[in-house]
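There is one chain below, alone, in structure tokens, taken in the form predicted alone.
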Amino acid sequence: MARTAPNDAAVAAVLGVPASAATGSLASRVGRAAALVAFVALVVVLGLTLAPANALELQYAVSLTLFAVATNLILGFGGLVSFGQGIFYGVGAYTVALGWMHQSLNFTEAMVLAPFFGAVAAIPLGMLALRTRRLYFSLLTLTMSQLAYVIAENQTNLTGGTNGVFGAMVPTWLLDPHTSFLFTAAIVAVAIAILWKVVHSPFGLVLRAIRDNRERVEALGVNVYAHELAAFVISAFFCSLAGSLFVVYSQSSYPEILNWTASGVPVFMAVIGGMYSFFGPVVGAFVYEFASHYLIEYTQDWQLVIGAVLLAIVLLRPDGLAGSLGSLRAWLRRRRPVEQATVAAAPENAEGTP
């Protein structure tokens, strides 16, 4: 029997929420878009006013937000714990670096090609990895990431081996820290806006339904494998774009960005910020990057400190920092009517007091 696409109401029933709540009201979408614009404006002001060294650090944090949000498309919204997104991050960086070194591609051409190369690479890898589930999926993507790392490290003639590729692959107008920051921030803002649209589209709704109840979604006639593969490819596209922005920051590409540990970084960011909130990984990326940057100055065991923080968040606040802020806002909204009712009742009580 041919599979048919379910309507929003059917998928919302799987999620256990009203269709209007699952897709998101117009007011909530406008509010989130306004929050995105306000956040970008704040970051831009900081990037233009900070010293060059700090602006570069902020630029790197901004590029990592795209890496984290793209990874969270399949992690938080798809329920797929992948330790292989570093592959596509590395594909983006190496496309720019190797295009410059071997093909004399200019930066614009290489950067345009980078996300498409990452998406193409994700198709066969996703088709293989998505044949497995849960822990086996995670282990298989981890293995793929480590294999990509070994290949990049051993192919000295092609990738430069352990030393990687360094050179003037970035145009001169991007050498100024403030200019390169503005360029990175603009690309990331557009990319995150597109991902926001994907998450809040019917496709994103189906993806969340698959995460919550795969069997019931299959019973509705949804091709679960195709949706997960599409999400995997979209995530790879934007992870590769983030990798090309890494070259803007470092003017280099090397095998360590393909290692499985690099793939774990956006997962940590998503967990710290809140993987079930769209903007959670953005918060997590800034917290992780600046915390690690400043902890290194004070202790060699900075990874132990971040690990302890991550463990505390997982045990105490599984919804992350963004979830904690949401709970605080909800508590304040509940408290406000109580305070207003108390103030309104005060004069009546005063009049009735003998």
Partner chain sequence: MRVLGKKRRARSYLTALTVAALAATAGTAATVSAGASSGGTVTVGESTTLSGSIAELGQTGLQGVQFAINAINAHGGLLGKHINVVSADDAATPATGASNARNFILNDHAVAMFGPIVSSVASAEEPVVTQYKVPIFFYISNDIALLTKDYTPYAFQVVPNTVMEPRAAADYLAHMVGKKKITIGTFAPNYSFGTSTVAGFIQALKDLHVNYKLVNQQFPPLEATNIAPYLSALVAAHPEYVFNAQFGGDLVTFSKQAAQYGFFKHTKVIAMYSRYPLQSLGAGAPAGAIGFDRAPFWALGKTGMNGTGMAAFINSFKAKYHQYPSAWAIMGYSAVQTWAYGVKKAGTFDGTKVSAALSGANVPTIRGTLNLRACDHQANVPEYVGTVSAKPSAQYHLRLWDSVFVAQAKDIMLTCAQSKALRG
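Source: prediction; values computed, not measured. Residue numbers count along the first chain shown, from 1.
Although it is not shown, the form predicted in complex with its partner chain is what the next lines describe.
The single contact residue among 122, 185, 257, 206, judged by any heavy atom lying within 4.5 Å of its partner chain in the model of the complex, is 257.
Its partner chain is not drawn, but in the model of the complex it has a heavy atom within 4.5 Å of residue 265. Although the partner is absent here, residue 107 sits far enough away that none of its heavy atoms falls within 4.5 Å of its partner chain in the model of the complex.
Proximity of residue 179 to its partner chain in the model of the complex: non-hydrogen atoms within 4.5 Å are absent; the residue sits far from the partner. In the model of the complex, no heavy atom of residue 221 sits within 4.5 Å of its partner chain. Comment: 242 to 250 is the region of 242 to 250, 225 to 233, 187 to 195, 109 to 117 lying near its partner chain in the model of the complex, near meaning a non-hydrogen atom within 4.5 Å. Taking its partner chain as positioned in the model of the complex, the residues of 38 to 70 that bring a heavy atom within 4.5 Å of it are, in sequence order, 52, 53, 56, 60, 64, 67.
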